[in-house]
Structure formats: C-alpha cells, structure tokens
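Two separate entries follow, structure 1 and structure 2, each one form of the same protein chain as structure tokens.
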Structure 1
Amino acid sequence: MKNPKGTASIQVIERMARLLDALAAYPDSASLKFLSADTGLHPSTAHRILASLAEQGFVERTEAGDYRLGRKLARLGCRVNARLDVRREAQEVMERLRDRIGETVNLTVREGDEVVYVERAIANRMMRVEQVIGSRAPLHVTAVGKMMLAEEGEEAIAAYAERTGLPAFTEHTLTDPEALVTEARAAAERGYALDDEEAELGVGCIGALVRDAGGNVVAGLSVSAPIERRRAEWIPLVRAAAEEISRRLGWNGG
C-alpha cells in the first residue's frame, strides 16, 4: 500500500493535522477517546502523537488529562496574522459597518476548498446570524467563497466542482457547475456576491473581497442577516468597507 492518494506526504504529519483539526472542533479541551474516535486513529497511535505534540508545545494537557491546543500554535499563528495584518486592520471597519446596518459582519479567509471565519462584529439584536470564529464553510455556499472561486477562472471552478461534488446545504445551494460558473463570473463583474439561503435557510449574505498591497485576495468581508431584513442598499456599504480594509493593507485600487 504505497501512497494511495498519490500524495508524497509523511503519514504522521497528515495524522497530526487530523488530530489538531479534531481538537480545534472542541471549544475547550477533548479527551483521547474522542480524538481517536473523531480521527479514526488507534488510541495508542493518537496518544503517542498527542504526547509528542505536547512535548513541542503544540497541544497542552489539562489537569484532567484532556488535550487542548497549545501556546506554540498561538505564537506561530500570531506571526501569520502579523504578516497579513488583516484582522487588526479589519476590526474597526467591521464594527463601523455593523453599527451602520445593524447586522453581523464577518471576515473570512480561504483555506483550501473552504472559507474560515477569522473575525466578526456581531449584531446586537435578539435575532441575528452568528458564526463561531474558526468554523468553516465550503466555498460554493458563501458569498465571498463564490468570489474567491471566480478569482481562479472557470477551469478551477470546474475542478472544484469535480473535487467536492458541490454538496447541497439547502434547496437553494448551487449544485450545478454551470450555474456556479455563471454566478461566480457575474459576482466578479459586479464586485460583490450574494448568498440567498444557499448555506442555511433564512440567512442571506452580501460579500466582497479584501486585497493586500499586491492585489492578492487575502480575505472576504460579508454581512449576514435574516433574509427578510437584508437590504440592497447595503451592497455599496459592504463594498466600501472591503475596499477600506484593502486600502489600509496598501492596495491602491485596481
């Protein structure tokens, strides 16, 4: 059994990644039992890997013996955030936008075939949309995800569709590759994308892209609201906010 997936990767590292991802899914800490179950790894193997990770500071152990993500990840992670200074720059702009329209504003970055929520400004209303920081969603069910796909061209979208099978989250999810391409192209031309209950029934989003000094897409900004409260007037506001963050990152139009 050699390289079943054709990837030239080291087994332990792939397994470690699975363990860390599983661990990140728990709000605070998790026991060996759950982690080995979630990852499908033999408890003995999971234990050995986790012990090694603990030794290096990638995970920590609670008094109860459970595992949680470690300080070293925070340290290394803050280097990454410092590099793409998005979060820091975005925070203020996001809060202004939230105050202006009264709905939740999210900042997401792409990771593989998904977007990850990295920052947010939550609406202070009884009914609101709220994403957990660190949670993920496939590209094709989110407004910014569709724009990120559009950046890569039609072949890449086709490849994405092939790879993921465009799983449906609601009856409105775009499950047809053709429709996704059309929608993505339209969004790129307009400079914003909508999500009409494609990820969750009753939730509507407006999203726009954030670019760094080099013009590369580094994040996506979006407003998420109950669909009946969403207003077309917000579109220019979302675009302006995304552009404001881009400008702070050194992007001068384009």
Structure 2
Amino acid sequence: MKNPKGTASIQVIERMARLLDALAAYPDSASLKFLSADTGLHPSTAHRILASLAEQGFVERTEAGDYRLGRKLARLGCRVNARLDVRREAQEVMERLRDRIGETVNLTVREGDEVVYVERAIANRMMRVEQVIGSRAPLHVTAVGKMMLAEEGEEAIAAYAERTGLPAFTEHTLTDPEALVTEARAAAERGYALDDEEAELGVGCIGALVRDAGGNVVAGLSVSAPIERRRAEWIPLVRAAAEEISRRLGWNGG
C-alpha cells in the first residue's frame, strides 16, 4: 500500500535540495524568478519552500528580496570540515601511538548524547579490542564521553542524566548522576579519563580530548585494551598524542 504522505515528504526534501543547489550556483544571491526557472518549480512552490528554509536559517533574504544561502549552512559546513581535518591530522599520530603501545587507538566525535567512532588504528595482535567505524556509545560509558560532558559543566551533566536515564551496560557503568559528576570533574582536572569496564566487561580505555584552534573540543582520542593489559604508563602518551593532534589543528594550549 502506498504512503502518499511519505511520498509527499520525500518530494519536498528533493525540491529543497534542488533549490539549495540552485542557490549555490550563484556567487551572491538570486531572485525567486531565476530560482524557479533553474529548478523547474512553480514560483509559488519555490516561494513556500524558500520561506520554510529561511525560517530554519538555511536561506536568507536580502534587502532587495532575493535569496542567498544562510549562515547555518556555513556553520554546518565548518563542522564537516573540522571532522575531515581532525581525521586527516590524527591518522599519523594514532598509528605512532598504536605502534608504541601495541593496542588499538580510536578517534571519536560527539553527536548529541553519544560518541561516534570515526577513525581507528588497529593493533596487530590476535587478542585486541576493535571498534567499528560508525559505531556509537553513550557519553557516560566512555572515557572521552565523560570528559566531553565535563566540558559543559554540572548542570549539563545533570540534564544528560535525566534525559538518558544513564542506562547500565555493565555492572561497572556509572548510573548515579552524582557519581558521574564527580568522575567527570576529576577527569577534567586530570586531563584524561578512564573507562573501567563501563561499556564492556573486560575492556578498559584511556581517553583525552582533542581541541581546535579556538580551544573547542572537536574529538576524543582513546586507547582500548583488555583491562588486564591496560597500563598507567600509557596515560602521558595518550595525552601527548591528543595534544599533538590539537596543535596540528591550530590549538596553542592557551
């Protein structure tokens, strides 16, 4: 059975994409007349979609009444570029860290209430911890996730706890909001965080944050290993690697 409502929604998205592509072809702005002609959309249809895009910040109106791409698209584009940049700059550093300690190194970014694994340097050994690129985990069960929460302060951590319910993944997962606040605060003061079998039994992690030129957190670097192999002497190595990636992104440590 067909779903007319779903088909109509997809059609609107396609028309929005056509209008944005048409706008991107102009160096500054374009009139409704030109955009309608470029996309083959009726002027009333194009006007309605452009108005909705303007409400969301994806399109802006000029004083002359023309349309141009909005600042929100620029911000989103910067986020995409930042992710591409951090992966590129991190790869060599991650491989050197992996070769030195002999364990898997991960690069994660935050998306909402989760971290997403976007890059990895896999250890060349039979027994290893291996995260799939694109896989996700809640912030409170990962080392870097706890540090990312700490960046936002205690009120944000409390809001996260209420929003998610702090589900337990293992018997070691921090499910008490006060305990999470305490651990996040301590991690921020130390400059690194640990995952003590909180996401997966038998697995331990060491994590540190990666910053851009403005000091903003753009990623997390972590080492994952069977808990019995994890060593405290890796902590300065992980921190140094995260700092090196940050410097490559323009951060000066200030």
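Between two forms, the rigid core is the largest collection of C-alphas that superpose within 1.5 Å. What you are looking at is a predicted structure, and each value in this text was computed from that prediction instead of being measured. Every residue number counts along structure 1's sequence, beginning with 1.
- Between the two renderings of this chain, the form predicted together with the DNA is found in structure 1; structure 2 comes from elsewhere.
- Relative to the superposed rigid core, Ala225 undergoes a CA displacement smaller than 2 Å between the two structures.
- The Cα shift for Ala240 between the two structures, taken after rigid core superposition, is smaller than 2 angstroms.
- We note a C-alpha movement of 33.6 Å at Gly40 between the two structures, with the rigid core held in register.
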